[in-house]
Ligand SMILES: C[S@@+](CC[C@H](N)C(=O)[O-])C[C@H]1O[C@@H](n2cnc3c(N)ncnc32)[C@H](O)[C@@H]1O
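Quick setup: one chain, the form predicted alone, written in structure tokens, and binding and motion questions come after.
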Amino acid sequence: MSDLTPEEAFLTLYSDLNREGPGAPADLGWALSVAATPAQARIMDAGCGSGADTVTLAKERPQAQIDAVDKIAQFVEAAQKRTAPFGERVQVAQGDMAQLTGPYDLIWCAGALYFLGVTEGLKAWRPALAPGGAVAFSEPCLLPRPSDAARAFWAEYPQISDVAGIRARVHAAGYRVLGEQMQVGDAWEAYYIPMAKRIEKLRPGATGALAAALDEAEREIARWRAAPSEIAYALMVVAPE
């Protein structure tokens, strides 16, 4: 596998993983409850990856219309296969999550809003929300009194703030916070433990770009293991003012 491009190496690493970021099914149940998302809602999974949360949304709201979008064709294809049992009420497409139309009762975005920016993304999505609609998203968050290890983990994300800073970015977009909780521990294990097993499987014979991708993933896991109780996402449910 020495002739892979960096992008191909990245996709090879992620091709058999259940998730592309931290999270757990219970997170969606909580968000749907806080947002008071109706049974027959129209829901968007923005930045859906390979569809783990799309499947959970479809199960949690069996009468809802679920749309999902991701820019990476390989993830879209995987999500389409995973959601096929739900039939026409789940639609997965390749596209730009910054260009949502709606109207949606809930826009769910797990760990991807930072690509747009919290304030910028929420402003872009406001026209896509139905009256009374909400956005649920997870965002990197510094817990109180972070250690050097926790700061080192987030060194490549200079925009990171504590939860008060996230709230400020939400308010700057003209939204109010309906609920918030921290994703620590189990949500991250659900992401990193399978990744570590995937690295172990791919390591024999890996060279070039693939070896580099595996090395970087191992370094990331090691940084998380140095402070697992301090590495967090803030899961926020917000709605326009």
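Not measured: the values here are computed from a predicted model. Throughout, we count residues from 1 along the sequence that is shown.
What comes next is about the form predicted in complex with this ligand, which is not displayed.
**Student:** Can we say 150, 157 and 232 each have a non-hydrogen atom within 4.5 Å of this ligand in the predicted complex?
**Tutor:** Contact check failed for every one of 150, 157 and 232.
**Student:** Any idea which of 113 to 121, 161 to 169, 84 to 92, 140 to 148 reaches within 4.5 Å of this ligand in the predicted complex, heavy atoms considered?
**Tutor:** Of the options, only 113 to 121 has residues within 4.5 Å of the partner.
**Student:** Would residue 223 sit within 4.5 Å of this ligand in the predicted complex, counting heavy atoms only?
**Tutor:** Looking in the predicted complex, residue contacts with this ligand do not include residue 223, since no heavy atom lies within 4.5 Å.
**Student:** Check residue 104 for me: does it contact this ligand in the predicted complex (non-hydrogen atoms, 4.5 angstroms)?
**Tutor:** Answer no; every heavy atom of residue 104 is more than 4.5 Å from this ligand in the predicted complex.
**Student:** Residue 77: heavy atom within 4.5 Å of this ligand in the predicted complex?
**Tutor:** Answer no; every heavy atom of residue 77 is more than 4.5 Å from this ligand in the predicted complex.
**Student:** Is the gap between residue 44 and this ligand in the predicted complex 4.5 Å or less for some heavy atom pair?
**Tutor:** The answer is no: residue 44 has no heavy atom within 4.5 Å of this ligand.
**Student:** Looking at this ligand in the predicted complex, which residues in 83 to 97 have at least one heavy atom within 4.5 Å of it?
**Tutor:** Stretch hits, in order: 95, 96, 97.
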